[in-house]
Every structure is written in C-alpha cells, then in structure tokens.
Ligand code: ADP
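Quick heads-up: it's one chain on its own, the form predicted alone, in structure tokens.
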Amino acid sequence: MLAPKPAASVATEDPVRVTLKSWFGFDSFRPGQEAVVRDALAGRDVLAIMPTGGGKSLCFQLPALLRPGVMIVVSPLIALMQDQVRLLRDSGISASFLNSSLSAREAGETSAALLRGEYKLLYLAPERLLMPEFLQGFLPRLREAQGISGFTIDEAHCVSEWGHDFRPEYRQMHILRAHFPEIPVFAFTATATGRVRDDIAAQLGLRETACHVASFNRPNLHYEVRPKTDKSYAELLARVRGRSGANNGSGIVYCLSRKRVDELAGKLAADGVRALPYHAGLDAETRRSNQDAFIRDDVQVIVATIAFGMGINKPDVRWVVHYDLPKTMEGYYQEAGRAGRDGEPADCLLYFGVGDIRTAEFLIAQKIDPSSGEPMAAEQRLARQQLRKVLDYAQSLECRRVIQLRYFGEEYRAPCAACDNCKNPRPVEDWTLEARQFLSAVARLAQRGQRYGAAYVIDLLRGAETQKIIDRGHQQLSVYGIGKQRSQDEWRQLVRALLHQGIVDETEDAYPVLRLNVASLEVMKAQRQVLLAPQPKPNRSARSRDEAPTLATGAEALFERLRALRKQLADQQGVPPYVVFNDVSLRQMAESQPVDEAAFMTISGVGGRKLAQYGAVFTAAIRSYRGELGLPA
C-alpha cells in the first residue's frame, strides 16, 4: 500500500477516523457505519443489513486495514469483485481477487503475493473458496504466513433459500466455521426480511452475533406511480432528455420481457437517445459490452430485464423507470434502489396498467411441474402473494415509503414529502355501497357452506351466465347481477383495496377463497366507510421531477466542465468515471471551488491518494474557470 497523506483535520488519537479520512477521504461515517466497524474491529461475528447506498463495503474494508492479516471477501459475481478491487486500488489500498477471469499464471502470482503479505483484501467466489485445495490447502498456509483478519460474506441474502438471489454454493459457507472457528465472520446485505436474517445467521453459524439493521429508507429517492397509457413512451422520452432537451443523467428502464426491452431500446435509439438493451437472450460478450458502456457513461440509458441486477455498481444513476409491473416488492426495492447510490436526489417511477395484472397472472399460471404437467401449487401461491404486495403498492393511497418499509418490518411515519401520494394526494371516491354488495355476496355463499375466490364472486355480482353459476343455482341468489354497473376491472380493484385495507381475508391455499372478518361486518352494518382512489391520470400540473438535481447557474457550468475532465481521465485509465470521483465530490468542487491542496482535501471522497492523483489537475481546471470569469484564482 502507498502511504496516504495524513489528514491534519482528523484527531490523531482515533486511528479509525484517521484511517477513514486518509484512505477513503471521509470526515465522518454515514448513519450506522461506525457501530458495525467497531464490532468488526473487536472481532465479533457481524450481521449487517444496510440499504443500497448505505456504505456497507466500507464497513469491512476499513477493518481490513486496521486488523492484522488478510480479509477474505466472498462475492457472488466476477464483475462485482473486479469493480470493488478497482475502486480500492484507485484509493491506494492493496486488494486483489481470485476468479476464473485470471489465467493459471496470474492466479499463481496473486497467491504468492498474498503469502508475502502484499494484499490486505482478497475477493473470491464461493465456488473457489469451497475447492478442497483452497479451503484445506491455501487458506491454512495464508493463516500461518500472514493471518486472516476475517471472512466477509457479501450479498449474504444469497445464503438463504428465502432470499431473492439464492445461490446453493452460499449454503455451504458454514464450513468456514468448522475449519476456522477462531476467525470472525462478517455478513452483509442490502435487503433481508426477518425470516431471511435468521436464516443467514443460522446457515453461517454466527455466534453471539452483533446484528445491525439500518433503516431501509432511502430519503434521497422520490417514488411515483403513473398510469400506463399511450402517452407513457412520450413521458419516458421527456424524462430522458430532461430540461430543454438536455441530457438528464444516466437511467435504467426495467421491462418484463426481452421483446419489450429490444423494442424500447430501439425506439429510444431511433429518437436520438444513447440507449442499449440488456437481457439474458443476448450473448455474454454483448451483455458485458453494453453494461460497460453504461457504467463508463458512453451510453445514457440501459433498457433491461431483471437480468440487469446484482453487481451493478454505478453510483450516479439519476432515475429508474419500471415500464412494467415488477414481480415482487423486494425485487422492486432492489431495482429502484439502483438509483441515487451516491446519496444525490434521484427518481423512481413505476408505470402501472390493468394489462400488467393480466400478464402477471398469466405468467403465474405457467408455473407447471415439468415432470407431471401439474400446476406447482406452492410456487403459484407464493407468486400470487408477492403480486398482491406489488399491487397494494401500486394502487394504494398510502405513503409509498410506509408500504415499502412495512414490508421489511420497519415503521415509518408519513408524510415523506418525497412520493406522489404525499405530495399530490389523489381524490377518493366512496365505494361503500359496492363494498357492501361484494361482502354480502361472500356472506350469502358462506351461509350455504360454500366459499369461493374473488373471480367467482365478481362473476356472481355482474350476473355472468357461466356454467358453474347455473349448475350451482347461484343465479337465484338475491346478490346475482346487482353489480352490473361496475366493470370487471373495477370490481378487481375494489377487491384488492378490501384485502389491502384488511376488510376481507383470503386464505393461502392453492386456490385461495375469501373469508369475512370483524372489519367486514363493520362495513355491512354501515359502521365503516370504504374509500377508493380511481385509477390515476397523468398530473401535468404537478411539479415535475423529470429534471436532474441542479446547482446554481455558475456552479452548474463548472460541474459540467469537471464531469468532462473526469470522463477524460477515466477513459485514459480505462476505468468508469465514478472511480475517479463520484457526483457528490464533483458538486462540492463546483460549489466550493477549491484552488489549492488544503481546500481540495476538504472535499468528500478526497483522501491522500486521490489528492496525489487528481488534486493538481482538478484545482488547475477550477483556477482556469475562475480566471475566465475574472475571479481570483
């Protein structure tokens, strides 16, 4: 490691904070980081759940510098570990990786360097770790030669079969405890429900675990749901172009199908937008090339399926658009959370249409056991439950944050002032009459000892002449046909609202049926009102968030000049622009305009190595800009 220039402003009696500034360029920790770092330094087993953008990597990288030995970091993707190593090396921190991208000679050289003590962090995949020659051969030699400071399991949700990116190889990580019982294990992930957290701790064999669960709230993100109409593409194009047709920052558009991805990417490109597709139908080289072009700012927009997921470490994504309905709330949180990882304001927009529901239900119905040809009841039931959570989010009048955070077991007090429901509440309509009609139909069927799902009850209310209704004589019921005034989609919307508001229950069987509860009786006795928001229409009078966060006029011009300089330097080094500096650092430079080393060291993200590498060229650019304006330089 190169020795960084000491930070005079940091109290020397605290080596943790000295290291934080000297190597990472930060004067203070983000919320939740310091407690995790202190526990890791104390050698405790740690389970840390920190949201995307919360700085979880620093929580094991900083202890790696201060604890004796080498930190072993298990990471699920080659691209992810390569990116982490690239960022560390640019800050002067000695790190490397062992994976299939290396030749046998390169892997041998890296292993030898590790035994000589030339690296403080080693990244590798679980498959490599589990190889007998590595687990039982190399690691004991490394422990003897240099020591092992800890085992870090990154993206630890992959350990759990209840997690959204389950990796069977991760399930065997408990073997570390058997071979190296004295070495602490640090598990990190961005999202995990209580059930997943318990499973991670059990599978890894964590002992007296220091569990840290940071807030899942991302205050810099603005959430919005808009109706999907024939004008949605025009809205998307306006968002991409931003103010006065200018580039509105990098963005991701998520679609459900490969076909939609190709069509939308092609349409954006035809309209002059630098956009590329990404999905599993493309060959590996094309996916890698398109991803690299996006990360290096050679293209502005990536249009992708959920295949564009874990390991995308681009901090300056200014917006994420879901052009189709996501499958799960956890998936939506992860995908939308790829916006604004640098802490700067960013937008998350979900387009929602009734057709999305039909598509989702069709896909659920396709979950068939290939051996028997029968429906996979458990998988279908889980998928329906997950879909309902997403529909609750899309159609609810509640604060979007309240719904998201409730999903992860966290309470939040509305309003958030950063979602459409809080900033521009939708008007509501009184649907108490229709709710009473629906609940009465459920009650009439229950009186006969019969229970049905929502679809059957809706057919009954709308007077459908189906064979099932006729065979069962239900056309004789008083509720038959009393709901003809509402469309099938309107009744479905009401049912989802009743379930979301807890006014009716639904079993979790393979074929779920409805049940009345106390709240149902309150509505039927006219003791409770049911309010429903109609499908929203585009609100063109509301404040638009289609523009990127802006600086003062003068600072904005300097920011763009510094962005161009950053891109030039990054291209020369063959690295993504954010490796040089992220947008937060550039904005601080544009605002405070440091012209000497002392002032430049006050910028967030500037440590000793960054100062040595980039201080002269950036301060020269700032002095030149000020000189053009006749300002003292």
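None of the values given here were measured: they were computed from a predicted structure. Residues carry their position along the shown sequence, with the first being 1.
One more form of this protein, predicted in complex with adenosine-5'-diphosphate (ADP), exists but is not displayed; see below.
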The unique member of 197, 226, 322, 341 whose heavy atoms fall within 4.5 Å of adenosine-5'-diphosphate (ADP) in the model of the complex: 341
As a check of understanding, the residue in 38, 30, 567, 44 with any heavy atom within 4.5 Å of adenosine-5'-diphosphate (ADP) in the model of the complex should be identified as 30
Non-hydrogen atom contact residue 315 with adenosine-5'-diphosphate (ADP) in the model of the complex at 4.5 angstroms: yes
Using heavy atoms and a 4.5 Å limit, would one call residue 57 a contact residue for adenosine-5'-diphosphate (ADP) in the model of the complex? yes
Exercise: residue 608 in contact with adenosine-5'-diphosphate (ADP) in the model of the complex, heavy atom 4.5 Å: no
Residue 577 versus adenosine-5'-diphosphate (ADP), in the model of the complex: is there a non-hydrogen atom within 4.5 Å? no
I need the one stretch from 594-602, 48-56, 66-74, 569-577 whose residues put non-hydrogen atoms within 4.5 angstroms of adenosine-5'-diphosphate (ADP) in the model of the complex. 48-56
